[in-house]
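One chain follows as structure tokens, the form predicted on its own.
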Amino acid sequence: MAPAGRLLSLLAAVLLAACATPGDAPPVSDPWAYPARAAEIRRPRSPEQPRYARPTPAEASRFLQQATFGATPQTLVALEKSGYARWLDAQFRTPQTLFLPAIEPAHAALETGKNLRQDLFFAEFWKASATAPDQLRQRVAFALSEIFVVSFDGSLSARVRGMASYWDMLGRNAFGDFRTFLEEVTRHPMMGTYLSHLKNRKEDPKSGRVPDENYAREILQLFTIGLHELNADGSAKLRDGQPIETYDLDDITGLAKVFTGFSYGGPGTTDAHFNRQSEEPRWDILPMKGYPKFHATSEKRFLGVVIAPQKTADPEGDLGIALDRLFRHPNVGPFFGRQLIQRLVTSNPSPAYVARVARAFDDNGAGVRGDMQAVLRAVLLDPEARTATPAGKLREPVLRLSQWMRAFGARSQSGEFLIASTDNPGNSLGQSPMRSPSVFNFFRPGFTPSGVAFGPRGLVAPELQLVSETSVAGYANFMQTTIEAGVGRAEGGQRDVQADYAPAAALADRPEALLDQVELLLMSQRLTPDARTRVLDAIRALPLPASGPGAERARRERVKLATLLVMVSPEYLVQK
């Protein structure tokens, strides 16, 4: 049995241990020259070096783990040359990679009564995460998809075109204005279907019907202001020692009336257009619009706002008033900002970090509120984000696979990245993009595992909500198979997505240089000395013929083993 196989029995214990853990070198033109500079890679920054002038290789890798789907040798070199600020500016200018145009031809070719497969969406996601030039936009879209949740797991299981449109909407607004984003989320027919405010009707005293309160509740609780009033640093405001609730049932009831009368978009205005999606073939990608006949005209009270009774229903005007009130609420900056930090940087940001991001949300420096570019700069360039600290976050399973693909230049044999659902925790990742089990995402932002390492210390670990004995073993087995044979649909005897190990294999006769490169790309040089020694011993234990038919295979096996051992290490699994 190969050393990798012999070590598998130990990997579950290693993974569980991880889950319990809460002067520059000059830029180079050859990305594979990094290992030749191992001493420079590991050299700490000089105290005199300006923090953001030019990142070291390890600092560049750490930044790219936060801001993209993973580092590549090429992006490391580019970031080292440009520095953080110019890299962000370039990403803000990079055109968006769109999912919907790739889905439309398959939708147009559908037979009557048939539905598109979710695999089409997953293929676009993995293609973008591995190859799209707009990495920051796509990574932020993924973060937003876990805050403003819609999911294939439920009423949207067959809405592949609509979900592609929703993803593109997230990406379109990732660098834009939060108020516009909030309205586009509210009007998107996938959100309207998922949280049931599409075709939501006004109250009817005769029948006892009341407006659906689902979206009103979640836009308050999950999308904008949260349950309790917050200070600018994200801490709860207190009254008599107790948190102050931001809203009550009357606020939900009043706000629910605002979300009545909205249904299918398009030019039609009849009752049939309100009631039947068949009247508008593009209903799943067009923004919902207001139908006055079905919109409540009674008084609407919420969050201190009063919309007086109306003789003529005004769904569009009422929606504007409600979203303006939510957008201006002082909770939004710290509430949304903290979640964005959690998705990109660390599970437990300090109050000062949250306050700095909230300040950027409130004012981008030019008096503009809700400027997403200013918020992202604040999140990613904050001293807590750029300085390695004990704080961090467990890497999401989806991001582990995307980082492997990018680190080793994985490409699709078909060109389509034919990777299906990765939901199964027993033999896959236990997570698929846009398939969370509920509107509360795959994990709650305030999830606190049991045990002395978290609760008593006031710490949270959201991603640990995905971890179990089954998922620990499943991930180890999945990554061993993926690293060895690729991932995705098998065609012609080979899995669709294959890594290119040739550049790394050239370093196989120098185990320390090989490990430097693997460690740099995947985890910014964070293995402990003891862990490095164990991994190096395992690499050296694999025989390496000097020549002959088995030499190249042996070189690749050393790369694969180094990669596997790094990707199941506690230091890798906890991103810091």
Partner chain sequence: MSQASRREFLRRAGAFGLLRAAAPLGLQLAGIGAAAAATRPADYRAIVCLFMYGANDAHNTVVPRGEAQWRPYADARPGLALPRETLLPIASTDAELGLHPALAPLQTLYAQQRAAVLANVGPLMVPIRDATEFRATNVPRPPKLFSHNDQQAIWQAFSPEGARAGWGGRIADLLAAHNDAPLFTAISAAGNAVFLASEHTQPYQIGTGGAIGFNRSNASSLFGSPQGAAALRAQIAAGGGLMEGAYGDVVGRSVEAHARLSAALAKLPESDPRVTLPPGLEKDGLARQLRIVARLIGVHDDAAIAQRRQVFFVSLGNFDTHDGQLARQAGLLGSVAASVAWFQGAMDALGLSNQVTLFTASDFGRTLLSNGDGTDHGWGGHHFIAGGAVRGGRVYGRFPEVALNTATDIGNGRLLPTTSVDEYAATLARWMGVAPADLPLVLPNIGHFAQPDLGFLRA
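Note that the structure is a prediction, hence the values are computed from the model and not measured. Numbering follows the first chain given and starts at 1.
The protein also exists as the form predicted together with the partner chain; that form is not presented, and the subsequent description refers to it.
At a distance of at most 4.5 angstroms from the partner chain in the predicted complex, all three residues Gln221, Asn477 and Leu573 contribute at least one non-hydrogen atom. In short, of 480 to 488, 265 to 273, 403 to 411, 281 to 289 it is 480 to 488 that has heavy atoms within 4.5 Å of the partner chain in the predicted complex.
Ala106 falls outside the set of residues with a heavy atom inside 4.5 Å of the partner chain in the predicted complex. Among residues of the shown chain, Gly208 is one whose heavy atoms approach the partner chain to within 4.5 Å in the predicted complex. Using a 4.5 Å cutoff between non-hydrogen atoms, Gly426 counts as a contact of the partner chain in the predicted complex. The partner chain is not shown here, but in the predicted complex it comes within 4.5 Å of a heavy atom of Ser450. Though the partner chain is absent from this view, in the predicted complex it lies within 4.5 Å of a heavy atom of just one residue from Arg161, Arg187, Lys393, Arg495, which is Lys393. Contact with the partner chain in the predicted complex, defined as a heavy atom within 4.5 Å, holds for exactly one of Arg457, Arg328, Arg86, Arg239, namely Arg457. For the stretch 346 to 364, the set of residues having any non-hydrogen atom within 4.5 angstroms of the partner chain in the predicted complex comprises Ser347, Asn348, in sequence order.
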